[in-house]
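Consider the single chain below, provided in structure tokens and representing the form predicted on its own.
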């Protein structure tokens, strides 16, 4: 019965969602930017489920139903189908109450937008990143057992070329440039499985070493093997329980100690990677304010997987911590 009710709720949400134009975006840019779309989002967020706070929070995550004129219809932050269904029903009721002039803008014009996606390295290397907890004892029995997250990793063309040996012949080996290995450790080997997380400080990287070795060359392509290790440990005082301990942050330690392995195929003619796979597996520990680790701060296994991204528009999303790249 529980499974049937869940399927029914999902179907109801899908039917309601078909009456809306769906869009997804990265919230940090929207809540901190100062161009037209960011200001519109900020205006909407202050009317929604985060409204009424005397001190604005650092997050505005959620699902917002609104008009192009800036009228908020309803909002919520949930992954529970029934609550989502009720929110969409409220939004439709509100929409039907609005006069036409509050529903539609005659001419949106061409707003001057400052989007990070404008820096997308179309001639470089873009990886799709996935992170999740691995099996452990005792096993988790709730939603946390299947939690996962995703991100993207960007390399310029010059950076991507530096990941392969200059001379592409069997046995040729080269270390990844230190700044690129450390950037991967600081910005991507992070515990974002259950929520958002900040980059590790530069001094928190104890070790970040990756090596590329050519294992085969055939048909104009070189096959590479990756091996490496990453160790990050950050100590300080910060909250780990969302807003509950924000006023009294305690002493904390967080980090990720992992081994890395993978393979890639580098095309000689185009001087670009046409295949790329990299896995990082190890122990994460500690937490940060919004990454959902309150009560789960002890060391536990986590895995991060990187693979070549497609050129689909949905995979042009900027890395969550791209401002740490120094581009």
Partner chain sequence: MGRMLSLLAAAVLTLSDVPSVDDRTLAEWRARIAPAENEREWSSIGWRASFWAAVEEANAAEKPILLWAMNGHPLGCT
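Since the model is a prediction, treat every value here as computed from it, not as a measurement. In this text, the rigid core denotes the largest set of C-alpha atoms whose superposition between the two forms falls within 1.5 Å. Numbering follows the first chain given and starts at 1.
Not on display, but discussed next: the form predicted together with the partner chain.
Contact with the partner chain, judged by heavy atoms within 4.5 Å in the predicted complex, is confined among 118 to 126, 157 to 165, 215 to 223, 141 to 149 to 141 to 149. Within 4.5 Å of the partner chain in the predicted complex, a heavy atom is found for all three of 20, 62 and 104. Although the partner is absent from this view, residue 135 contacts the partner chain in the predicted complex, with a non-hydrogen atom inside 4.5 angstroms. None of the heavy atoms of residue 273 is located within 4.5 Å of the partner chain in the predicted complex. Residue 262 belongs to the set of residues with a heavy atom inside 4.5 Å of the partner chain in the predicted complex.
Contact between residue 227 and the partner chain in the predicted complex is found at the 4.5 Å heavy atom cutoff.
Along 272 to 291, residues 277, 279, 281, 282, 283, 285 each place a heavy atom within 4.5 Å of the partner chain in the predicted complex. Superposition on the rigid core between the shown form and the other one places the CA atom of residue 85 2 Å or more away from its counterpart. Once the rigid core is overlaid between the shown form and the other one, residue 65 counts among the residues whose Cα shifts by 2 Å or more. The two forms, fitted on the rigid core, differ between the shown form and the other one by 2 Å or more at the CA of residue 26.
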